[in-house]
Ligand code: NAD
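Coming up is one lone chain in structure tokens, specifically the form predicted alone.
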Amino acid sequence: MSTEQSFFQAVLSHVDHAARHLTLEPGLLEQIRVCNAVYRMRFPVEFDDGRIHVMEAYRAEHSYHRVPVKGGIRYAPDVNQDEVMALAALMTYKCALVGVPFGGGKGGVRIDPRAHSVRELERVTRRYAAELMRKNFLGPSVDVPAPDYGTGEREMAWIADTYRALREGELNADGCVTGKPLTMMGIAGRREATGLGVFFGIRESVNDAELMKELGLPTGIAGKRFVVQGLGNVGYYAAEALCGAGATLVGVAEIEGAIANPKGIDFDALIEYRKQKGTVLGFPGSEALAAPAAALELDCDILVPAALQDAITEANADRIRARIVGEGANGPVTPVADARLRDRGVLILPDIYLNAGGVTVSYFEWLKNLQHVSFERMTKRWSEQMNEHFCDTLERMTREKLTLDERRVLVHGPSERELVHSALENTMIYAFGALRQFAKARELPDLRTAAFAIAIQKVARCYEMSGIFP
């Protein structure tokens, strides 16, 4: 008989476990635990065949300790209230952990985007945005969505356009949603942000000599074997960066199937093959596995589940052979599976830390929208002028002339994408250091407990400073 909990109950179990290591007034802890508001809606949409379909959709706002709340919108046929509440809660703790000043939110529409035309998806998205606005669940100072599973820049553009049309004249309308196309005041680097953050987090963990000694692994990414589940934005960019740093991809799981090759899979060639064939199956040199989930059980150093929640449960936890599990998705490891993996000495890099790159860069986009200017425009030319002075001084002091290539490298001012990547990297480095230090100081059993404890403390301080909880 299964002992697994619902997704939201699983999140609460992590919160309760971490809270046992803190001293909090019970009423304050309960306020931190609960989901403050959930909007469940039904609305009609006409599809291309002329029929009217009644859509089911949700938006959850978990915590108002900071406003606006922030969180993605997913399109999936099995979206439900428990799921969006859980994801909103994870957003609260994720933002608090990495120092992004948002409360947590999440939304979803019960629809399979692969089964609908672009025009149908546009009608659904615009009507969903209008319904959110009807109850004040959308706005740059209220609730700021972003892409999630099944959505992307296109859907965010439709939401932003709908908001602007219905809030004519609002100065900060662009900040109502993040993850927008660059042409609609998006920010360079947002698309790859979550996956790149996963890479930075894994890199920090494998460079930690003490952690690697406990696992019996050498430090560094180079030479480590990894498996990725999901080739969406998260899995794709995480795998690309890991391969670029010298790791060996030995297994891939996607919705259409899974493949493995213990000698290594050429990532770029695989992506090109999938573009042409529409599947990873049949990739030259690889072995097709019986089911997509079988890739999770491959022998590897690092496993990156980067698809949906509940990828590793009590049903398969004992067959996981990875030494490190990097949670690219939200909630990919259930509490029961988490306990079993940790009992076997597996290092779990928790989702509220590892996949925080998306909301971090969304924060930068939101700031850009409120400031009405790109970061590059404000800094690039000044940086280049200062670097020119540096090069001139260097040549005078050394009496050596720099080559054109050397001068070009030294003078180069940062682009918006470079600034975003640098700030994201710094965020992930700082947060990992805080995690390790907190875990050691409190003698906590694992990084997930430390991550939730840090986040709970930060949320508690905000409520205490509000005067509601003296």
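In this text the structure is predicted, and so the values were computed from the model without any measurement. Numbering starts at 1 and follows the sequence shown.
Omitted here: the form predicted together with this ligand. The next part is about that form.
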- Message: Within 4.5 Å, heavy atoms only: does residue 186 come near this ligand in the model of the complex?
- Response: no
- Query: Does any heavy atom of residue 94 come within 4.5 Å of a heavy atom of this ligand in the model of the complex?
  - Reply: yes
- Message: So, residue 118 and this ligand: in the model of the complex, are they within 4.5 Å at any heavy atom pair?
- Response: no
- Message: Considering non-hydrogen atoms and a 4.5 Å limit, does this ligand approach residue 140 in the model of the complex?
- Response: no
- Have a look at 95 to 103, 250 to 258, 200 to 208, 389 to 397 and name the one stretch with heavy atoms inside 4.5 Å of this ligand in the model of the complex. 250 to 258
- Just one of 149, 163, 375, 226 has a heavy atom within 4.5 Å of this ligand in the model of the complex. Which one? 149
- Looking at 230, 326, 145, 108, which is the one with a non-hydrogen atom within 4.5 Å of this ligand in the model of the complex? 230
- With the partner left out here, if you bring back this ligand in the model of the complex, are 334, 350 and 454 all within 4.5 Å of it by some heavy atom? no
- Task: Scan 300 to 329 and note down the residues that get a heavy atom within 4.5 Å of this ligand in the model of the complex; none is a fine answer too.
- Result: 306, 307, 308, 328, 329
